[in-house]
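Have a look below at one chain only, the form predicted alone, in structure tokens format.
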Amino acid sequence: MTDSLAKRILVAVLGWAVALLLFFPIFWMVLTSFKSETDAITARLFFQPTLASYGEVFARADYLAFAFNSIAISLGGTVLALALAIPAAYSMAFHPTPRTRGTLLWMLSTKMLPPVGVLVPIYLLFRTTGLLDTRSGLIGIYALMNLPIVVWMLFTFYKEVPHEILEAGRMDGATTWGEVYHLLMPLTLPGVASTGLLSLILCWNEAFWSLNLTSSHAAPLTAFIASFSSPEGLFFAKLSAASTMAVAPILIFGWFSQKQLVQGLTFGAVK
């Protein structure tokens, strides 16, 4: 066996090991959702499958209402983040100033701030403006939460576009909007799409703000999961069933869009 073949086998084995390690919690969650509460507590591997937990989850909460809130808030937050980030990234990439790099670093540094550190002022602001337990409030906070990452990603993609292409457009009379819409967007569409997909996933999985800024009307699926943790204790089978129902849509979506996501994230990496 040659060294190169042994190295490829080792890389493949390590890759499968990491993949299985990451997949196991999801597998165990789905498996537990088909158990009775007794089997779930004892962590039995072999058991009699049952749909009782799913039936109780549907009977206890309006899953479709929570799912609609998640879809509306995630899509709204993603669209708003892109609407704000595209002109910002365009300006920083093609019209930089001496403070551009510092501004980008400052934006990224805001992601290092624990959300709980600004919970009180955000809560008071939402209460004063009537945004508590509203979809529009969560859309705004989700968009601002992901804005630094979205701007950074778009800035990276835009920097890969030769400035000469936009200069040629200006010589042909293109306006700023024409440059962005007719030249920049088609050239960076894979990158913009992958940025939107990543923002959508982050919005869907966000739990901190949804649990603290909603109660019933605008609560997404993250709040739906939390509702199955009661003072009487943790009901693992029901909690697993609720979690499976909450993550299934984004897992299926991510599975079908993984090719576009990878292509977009690697856009411009190889010339």
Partner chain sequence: MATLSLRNVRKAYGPVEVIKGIDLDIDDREFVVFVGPSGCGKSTLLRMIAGLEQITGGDLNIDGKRVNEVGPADRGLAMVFQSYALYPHMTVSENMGFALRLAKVPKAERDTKVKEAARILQLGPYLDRKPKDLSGGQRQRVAIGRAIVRAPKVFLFDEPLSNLDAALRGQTRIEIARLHEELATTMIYVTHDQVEAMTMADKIVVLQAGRVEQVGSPLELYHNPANIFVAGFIGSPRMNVIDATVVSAGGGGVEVRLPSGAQIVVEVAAGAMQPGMPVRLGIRPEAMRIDPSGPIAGEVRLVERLGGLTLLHLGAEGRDDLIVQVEGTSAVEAHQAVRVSADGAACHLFDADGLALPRLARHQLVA
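What you are looking at is a predicted structure, and each value in this text was computed from that prediction instead of being measured. Rigid core: the largest C-alpha set superposing within 1.5 Å between the two forms. Numbering follows the first chain given and starts at 1.
Quick note: we don't show the form predicted together with its partner chain, though the next part is all about it.
A heavy atom within 4.5 Å of its partner chain in the predicted bound form is found for one listed residue only; from Ala193, Val79, Ile71, Ala168, this is Ala168. In the predicted bound form, no residue of the candidate spot (Gly55, Val57 and Ala67) has a heavy atom lying within 4.5 Å of its partner chain. Mapping the unseen interface onto this chain, Leu189 falls outside it, with no heavy atom inside 4.5 Å of its partner chain in the predicted bound form. In the predicted bound form, its partner chain lies farther than 4.5 Å from every heavy atom of Leu75. Interface membership of Gly130, defined by any non-hydrogen atom within 4.5 Å of its partner chain in the predicted bound form, is ruled out. Relative to the superposed rigid core, Ala174 undergoes a CA displacement of at least 2 Å between this form and the one not shown.
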